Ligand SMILES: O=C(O)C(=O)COP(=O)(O)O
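Here we start with a single chain on its own, the form predicted on its own, put down as structure tokens.
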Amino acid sequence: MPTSVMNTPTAPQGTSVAAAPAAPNTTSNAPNTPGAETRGRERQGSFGGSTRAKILKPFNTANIKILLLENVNETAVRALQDQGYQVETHAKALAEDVLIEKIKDVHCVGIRSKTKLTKKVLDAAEKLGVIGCFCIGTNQVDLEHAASKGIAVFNSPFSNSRSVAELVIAEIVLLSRQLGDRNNEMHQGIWSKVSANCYEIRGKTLGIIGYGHIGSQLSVLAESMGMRVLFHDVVPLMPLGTSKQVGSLDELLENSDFVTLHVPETEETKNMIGEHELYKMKQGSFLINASRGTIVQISALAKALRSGHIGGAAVDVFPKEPAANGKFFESELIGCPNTLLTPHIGGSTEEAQSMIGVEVSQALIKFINNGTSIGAVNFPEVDLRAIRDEENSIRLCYTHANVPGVLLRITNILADHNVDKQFSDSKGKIAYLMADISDVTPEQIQDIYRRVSETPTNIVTRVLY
């Protein structure tokens, strides 16, 4: 990855490379120097001979600096430390000025939802090559600007799906029995035993907006409790169990006793549920939002709750959320009847955070060590099968502007070398090429790096051994 601490002194701005490996007969601190038994072995073709995979890493992993914020799970901390990286952890998000200072010389930063990696912050990151969002969302990162600097961004879109689905099931039961209000009354010493407007959920209709990983899991759980399930999505999907896809949002709203939202934040989904949609819902029905805070118009929901048209709501996400724990929360929903407000905890379980830690840390390790960008949200997704364990083989990772003629230039640079395999892909204005090259001397490696990194379209050039 772009590790400037290992740059050659004359490396062009915006490029980085691990120092060339020592000659076979000299001592090197590279972690993968081949043993004597591999030296002198005849080179095998790409599809024959030795099948043992070479473990690729930057030249010296101890020089890779990782900054983890917001109490990233210990599974991730251990995984990154086990690679030999320098890992610095913080329990909370950092103030912008502190973050700008901290991020200057790190190669990787891991965050959750509160840290904002804006253009200003990213421009201060002189060596940053990859970002790990240990959560579902990535709207806290300026993805386009990160890509323009050759910084790949990874997240964990599915690891907390079960946790969110279980929370929604719990909220359906709580709302149908008005347990939030009864609990508050009991804590005030008020005994209010009522059955009016309290219902079983068996036989009721759940409308799911967004039938992805969370929505589909919720569908199965709801049916197991005797609910009928309708769902609406922008693409046709195979229903699970006896659930049914409906043709329009209005059809779902008009026929559901409970409506739950599980959509990403996009221009199309912002303010998806406003006054018009709320009054399309059944009188006394319930709304649950555990997706993104901008999906529901809060003022319209508060009005519908106070009027009694909406019988209750559970809201876990908000348009503006406090940056830290404490008495900072304000909302028009405070004090609304039968309204459950939770501080964005849908995925906040030990199990989900552990799985997120594993998933994101492995993506970061693969990108740092192997150049693999599969799963990146802002970056071309490229991978190559493992390189064979040979002494004089390297992997070239080249991030460049997506313009005509680049591959011709790279082909000319590599024409005199044995390219075992290569792959290139593009995403918007950015393209990414990986190539495995064998039978190259340390001098040839430096020449390849110099010529590739000096191309006018270069963003970041890396060489892995």
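No experiment lies behind these values; they were computed from the predicted model shown. Numbering starts at 1 and runs along the sequence shown.
Keep in mind the form predicted in complex with the named molecule is missing from the figure; the text below concerns it.
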property	result
G137, heavy atom within 4.5 angstroms of the named molecule in the predicted bound form	yes
Distance check, K127 to the named molecule in the predicted bound form, heavy atom within 4.5 Å	no
Partner proximity in the predicted bound form: S348 to the named molecule, non-hydrogen atom cutoff 4.5 Å	yes
4.5 Å heavy atom contact, H344 to the named molecule in the predicted bound form	yes
Single option in K102, K149, R112, R388 placed near the named molecule in the predicted bound form, where near means a heavy atom within 4.5 Å	R112
In the predicted bound form, the residue from K282, R395, R292, K366 that sits within 4.5 Å of the named molecule by heavy atoms	R292
Among 327-335, 366-374, 128-136, 198-206, the region lying within 4.5 Å of the named molecule in the predicted bound form by heavy atom distance	128-136
Residues from 395-417 in contact with the named molecule (non-hydrogen atom within 4.5 Å) in the predicted bound form	none
